[in-house]
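Below you'll find only one chain, the form predicted alone, shown as structure tokens.
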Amino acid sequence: MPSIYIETYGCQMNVSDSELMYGKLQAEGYVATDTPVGADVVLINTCAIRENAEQRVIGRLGELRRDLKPGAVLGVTGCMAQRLGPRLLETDTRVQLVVGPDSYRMLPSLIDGARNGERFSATDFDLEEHYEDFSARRFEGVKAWIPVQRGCDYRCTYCIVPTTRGPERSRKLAEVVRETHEVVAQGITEVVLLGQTVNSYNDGTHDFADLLRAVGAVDGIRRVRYTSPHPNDFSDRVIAAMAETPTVCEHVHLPMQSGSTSMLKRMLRRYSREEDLECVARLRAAMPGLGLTTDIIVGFPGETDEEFEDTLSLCREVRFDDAFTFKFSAREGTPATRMPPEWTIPEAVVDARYDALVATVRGISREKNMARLGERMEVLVEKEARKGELFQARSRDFKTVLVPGTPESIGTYMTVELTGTTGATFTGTPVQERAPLPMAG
């Protein structure tokens, strides 16, 4: 039986797509392997959101040439494949397949052709494709990534996603619920609903509030998460569904990108600083103790000192639990590349602003985490930690907690007391919950 190796870069959606590809190819008789060395087929599932992500893939393709056995098929899938298309075949003669996110159904036949020496590029969009008949080969036995929406209609000026993923379209609610039942049958108790702007989900009959309630009500599900939402799509219905569905976790990853209204306008984010703050206030009013994380870009064209200071001040005002911080990366085909050249921020200024932003975010995170020492919380053990004999666990509000355990602990829940913090992660000690005392008389 031929062997298949898939190496994944980028976001959770790419992880989910790799699981779908593995599932499809296993159904066609392929056997998954955990190394490219000796594999009959090697696929690199790629990200295009930033230039350095694509450069990593180009470098990796060069490395793989040394490891591939004679006759092995090498393919590039995902967003970089969609963006570059046939150009990848022209610039790298060893690559035989270039397959975009809507063409994975064709993989078995494309691979058969490649094994006969042919080369293919398949990057057409299919607005009906949700891979409903695919059975994902899930990488983790702890949580399941479930795509509920593909593509994006927002078209922020810095973002390549509408080009690589196409326009927004949502799966039918019944199909998402069906997959959730399948996940439970596999022994998984946490699901993560995926979409580029996931809270704008609408299948024509049901909105994201309906979806949260339906998935959260599936027997056997203990935790429901989702990523990534857009601030504009937190309707009162969605916030009520979050607050009223016990299985929905108390965490929101709210991509802010900037704290400056003028900068947000250039980014075409379609909300102001004041509207972002109002969204945060509504979320926290409905869910006290909500964990809140964000994405922030520095060095966007034209960013002034005052606009950057607005971002720092918003971080101080909101006090995010954590932030994913990025230096602006111009992507071919996006409106940001057509902005005046004089708007380009010098690299040294970008570096200084980035360092200041990271210091601000980390300082707030450390202060908040120190204040929580001694607190008790439920965590789900996810995997072995990178160092030592501890295991990595996650709280409902998305805190990383390192706990003692054994391989058998993975996938189990425990109550821990937070006993230490590095500023970013916690250490926790398992505690035995006391049973309530019997009533007198």
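Residue numbers here begin at 1 and follow the sequence given. Nothing here was measured: the structure is a model prediction, and the numbers come from that model.
Heads up, the form predicted in complex with a small molecule isn't pictured, but that's what we're talking about next.
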Does any heavy atom of residue 329 come within 4.5 Å of a heavy atom of the small molecule in the model of the complex?
-> yes
Interface membership of residue 291, the small molecule in the model of the complex, 4.5 Å heavy atom rule = no
Give a yes/no on whether residue 50 approaches the small molecule to within 4.5 Å in the model of the complex, heavy atoms considered.
-> yes
Closest heavy atom of residue 85 to the small molecule in the model of the complex, within 4.5 Å or not?
-> no
Single option in 96, 260, 257, 103 placed near the small molecule in the model of the complex, where near means a heavy atom within 4.5 Å = 257
The small molecule in the model of the complex has a heavy atom of only one listed residue within 4.5 Å, and of 193, 297, 80, 215 that residue is 297
Can you check 239 to 247, 365 to 373, 131 to 139, 319 to 327 and let me know which stretch has heavy atoms within 4.5 Å of the small molecule in the model of the complex?
-> 319 to 327
